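Shown here is one chain on its own, the form predicted on its own, set out as structure tokens.
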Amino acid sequence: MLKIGIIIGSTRQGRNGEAVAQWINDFAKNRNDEAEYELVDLAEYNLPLLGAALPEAAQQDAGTAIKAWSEKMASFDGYIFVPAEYNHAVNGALKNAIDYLNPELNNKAAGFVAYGSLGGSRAIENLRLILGELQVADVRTAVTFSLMTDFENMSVFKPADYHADNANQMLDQLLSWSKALKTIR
């Protein structure tokens, strides 16, 4: 059985990412695919800024967090990244977390369920470039939620029904690629 991690990419207090990630998690599980889906909340890892000098007392905690993040990400066959779009790009916390990884992601597949003023499309494009360098095959179809139309007051998640078509296509592509890439790892 394939293991797919659904990565909540924002760590911001009051973020919309939790609702979006829960939506795709529920949607995926209701399809009854031969896959196991797991929500992974980046905020729970408390990763330090890559390369930042840390006080000696904090170094052990940072090492523990980095190791846990690495092991969790290595345990999956594929990923659904749920990025927030900040300033026309992927948010810094998710980029920082990905920078801690390399072999953990190699020869795996990724799909995207994003949100932002333009549905998170620019965050997805950033992630496609970043993940390409890490030998991650990203799928074509993405699910993009607009803060203007899929959220009430830009905070209460109320997705339109038509997103289900893109979610099904993205998941079909993700599972196909994840299965194929598993054979070469």
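Remember, it's a predicted structure, so these values are computed and weren't measured experimentally. Counting begins at 1, following the sequence as shown.
If you look for the form predicted in complex with a small molecule, you will not find it shown, but the lines that follow are about it.
- Within this chain, Y100 is remote from the site of the small molecule in the model of the complex, having no heavy atom within 4.5 Å.
- In the model of the complex, S70 stays away from the small molecule, with no heavy atom inside 4.5 Å.
- Shown alone here, A84 lies within 4.5 Å of the small molecule in the model of the complex, counting heavy atoms only.
- Heavy atoms of N25 never reach within 4.5 Å of the small molecule in the model of the complex, leaving it off the interface.
- Proximity to the small molecule in the model of the complex, taken as a non-hydrogen atom within 4.5 angstroms, holds for one residue of L39, L147, A58, A43, which is L147.
- The partner is absent here, but in the model of the complex a heavy atom of L118, alone among A137, L134, L118, I66, sits within 4.5 Å of the small molecule.
- Judged against the small molecule in the model of the complex with a 4.5 angstroms heavy atom cut-off, the residues K29, R31 and K179 are out of contact without exception.
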